[in-house]
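One chain comes next, on its own, written out as structure tokens in the form predicted alone.
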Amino acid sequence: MIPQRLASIGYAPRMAQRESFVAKYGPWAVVTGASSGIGAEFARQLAARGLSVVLVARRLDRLEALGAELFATHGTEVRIQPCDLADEDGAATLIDGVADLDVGLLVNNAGVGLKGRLVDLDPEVLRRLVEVNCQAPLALAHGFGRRLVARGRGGMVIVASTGGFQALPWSAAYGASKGFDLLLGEALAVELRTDGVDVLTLAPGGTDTEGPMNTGVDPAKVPGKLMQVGPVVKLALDSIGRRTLVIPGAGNRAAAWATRLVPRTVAARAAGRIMRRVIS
């Protein structure tokens, strides 16, 4: 029984919410792209909510450091799963590697960013982008989706981007891949709803992670202020099961929905002007 003093300060409702979250989406969550940024923050917040976490990325040293942090902070059970989702068999290897775990939540977060004129880019880099941003989320949604449907409960988070709401010149392949993720997530939310599986598409705008900087984005030229990862992830986890699409930040939401009010060519040109500015 929870002491009356603790119940009076909101401890009991918080505990009930945590237990409900674990019952629906636990005991294990798989987080791809967990070595930094949004993925690492998902792992931290899921551990804080009581889930055990499978950390998936290429950089083993970062996964081990994060795993040690989660165990020290929350006593979380962690499995480290190094994996390159750009490999042809990367997704299948991941699914097989956690076949013994009762996975209740998939966070499809791993992604490759890419800036520049399409015809100037390396074809191998483009191939890797499509594998990580499109093929892997599709394969993981299929493989883990079957498991979630069979257990009759659980969820998926598919990380798209506000860049997926319109054509994105000078980041054409990335924008197109995030449009794929956006539509995939919205469709799966309808398909799997009656099976007890909640699907949430998260579409962040500019977020303060190493990803944009690694592709040549100048943060000082990005319209508006970059969001911090903490509020972005919290909004997603608070929304799963209640909403099917979340766009963190009022400015990002306004910009995303504004693309529906103008011709697509106008939206593309506007996005292109912004992109040229932030990478120049």
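Numbers follow the displayed sequence, beginning with 1. Since the model is a prediction, treat every value here as computed from it, not as a measurement.
The protein also exists as the form predicted together with a small molecule; that form is not presented, and the subsequent description refers to it.
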Answer among 82 to 90, 118 to 126, 186 to 194, 67 to 75 for heavy atoms within 4.5 Å of the small molecule in the predicted complex: the stretch 82 to 90
Next item on the list: Answer yes or no: in the predicted complex, does the small molecule come within 4.5 Å of a heavy atom in every one of 132, 160 and 204?
Entry: yes
Checked 46, 54, 57, 236 for heavy atoms within 4.5 Å of the small molecule in the predicted complex; positive is 57
Heavy atom within 4.5 Å of the small molecule in the predicted complex, from candidates 95, 112, 103, 182, belongs to 112
Practice item. Determine whether any heavy atom of residue 26 comes within 4.5 Å of a heavy atom of the small molecule in the predicted complex, and answer yes or no. Key: no
Notebook entry, point to check: Though only this chain appears here, would residue 30 touch the small molecule in the predicted complex if you measure heavy atom gaps against 4.5 Å?
Noted result: no
Notebook entry, point to check: Hey, in the predicted complex, is residue 244 touching the small molecule, heavy atoms inside 4.5 Å?
Noted result: no
Quick check on residue 228: any heavy atom within 4.5 Å of the small molecule in the predicted complex?
no
